[in-house]
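Coming up is one lone chain in structure tokens, specifically the form predicted on its own.
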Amino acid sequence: MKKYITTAIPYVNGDPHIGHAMDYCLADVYARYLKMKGNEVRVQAGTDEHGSKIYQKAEELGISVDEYVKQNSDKFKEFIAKLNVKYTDFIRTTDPEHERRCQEIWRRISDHIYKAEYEGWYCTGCERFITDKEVSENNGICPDHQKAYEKLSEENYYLRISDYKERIIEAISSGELLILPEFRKKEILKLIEDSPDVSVSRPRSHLPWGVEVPNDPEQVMYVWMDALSNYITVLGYPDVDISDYWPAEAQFVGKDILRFHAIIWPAILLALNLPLPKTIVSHGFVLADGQKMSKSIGNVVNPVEVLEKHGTDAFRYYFLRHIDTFSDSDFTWDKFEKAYNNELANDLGNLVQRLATLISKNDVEIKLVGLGLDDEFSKLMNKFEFSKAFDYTWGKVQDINKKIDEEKPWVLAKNGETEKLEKVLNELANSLVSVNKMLSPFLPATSKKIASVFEEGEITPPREPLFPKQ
């Protein structure tokens, strides 16, 4: 079957951060899992390159906006490669084809768009208008950016969310559009009730960098209208039939942008008479020592530093197992080092070395039995419970270690119990090969190395430890 998976396109006014890594890694795990099950999978990634923050940043740096967004888009491509994340389609929202397709989407939903005066609050950091209720609740200051909201007065185009509120509520409530985790679904259903019509343009005088609104050169499309459309323009919509891949099997986003994906995006799709995505998976924040990462606090963890210090699979291991798929979770260097040495190096690295040595030293012939995927593992993966699926898999790794200690193959060899030794080592090797299949979506490079040791004829221990202790 053909499946389509999307990642949230990052805004290119800064370097890649941990939140971006979570989007990419979660989507990659699911894509690899679907491929294991025989599906043809298409994965989208890209960069969001319009908006006032980008324009202002390029001006500050004294370079053209085109040059600035190209530099930053390339940074994200390099970052994705470092994570060993595979995509089939990469989109930049400054691509002429994307811009042209966005304009056609606008034309197609124009019956649900109207022009009106806006006077109220705006947050440049969030790139969105703020309701009086939010301003009051936050005492006039954006909690994410610690900046006072601006008072604006301008004429914009609006998308009539009210045309689709009931339909969106029905789709989410029934599970037609599955919002994960469940507690986020409840938050969204509450938000939709109070959701006003949404501004989908800004005057060119206020926002000079964006996609021009059809038949109104004085207005440019507002960032969410332009950015959200990427999920279908990258497939070629509206120029080609996208029904082979749309609706998306899963869209991965951070919790901070879920509201746009669960309210504005469904409204656009419904206006286009397109089906809603099957699932929107919303992950939490990665905290540093229990606090939200912030440049002002100085506790931002640079993902590239982690990758360069310990390698890609060590990074993927910590952030896919020890960071909960759905909830906010904590990162500290101490926790990371302990997980690396005690779990990756000891539990897995030592197991591979130890078992391969026992088989090689005793010249035992291993006969691999073709085993399917573990039912419990598949059940968790199908529910997008990736950190739990990884935990379950790691439990299997630890079980193999325990079995080696219990069966003591070295004693069997010493006592000349050849038949039993062969049986035990075959069971252990088959268990590890089975577990290795479950590890492969999470630790693809390591899984490949383990497969090369146990699945390609003669078993020879790795020359170098899979995870050298640090």
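In this text, residue numbers run from 1 along the sequence as written. All values derive from a computational prediction rather than experimental measurement.
Just so it is clear, the following notes concern the form predicted in complex with a small molecule, a form of the same protein that is not shown.
Report whether all of 181, 383 and 385 sit within 4.5 Å of the small molecule in the predicted bound form, measuring from non-hydrogen atoms.
Heavy-atom distance to the small molecule in the predicted bound form: none of the three under 4.5 Å.
Looking at 333-341, 387-395, 255-263, 197-205, which lies within 4.5 angstroms of the small molecule in the predicted bound form, counting heavy atoms?
After filtering at 4.5 Å, what remains is 255-263.
Residue 48 versus the small molecule, in the predicted bound form: is there a non-hydrogen atom within 4.5 Å?
Flag for residue 48 set to yes.
Within a 4.5 Å heavy atom cut-off, is residue 224 in contact with the small molecule in the predicted bound form?
Answer yes; at least one heavy atom of residue 224 falls within 4.5 Å of the small molecule in the predicted bound form.
Test of understanding: in the predicted bound form, would residue 161 fall inside 4.5 Å of the small molecule by heavy atoms?
No, residue 161 is distant from the partner.
In the predicted bound form, does residue 317 come within 4.5 Å of the small molecule, counting heavy atoms only?
Output for residue 317 is no: heavy atoms all beyond 4.5 Å of the small molecule.
Considering non-hydrogen atoms and a 4.5 Å limit, which listed residue (118, 285, 90, 246) is close to the small molecule in the predicted bound form?
It is 285 that has a heavy atom within 4.5 Å of the partner.
State the residue from 228, 250, 80, 352 whose non-hydrogen atoms include one within 4.5 Å of the small molecule in the predicted bound form.
Residue within 4.5 Å of the partner: 228.
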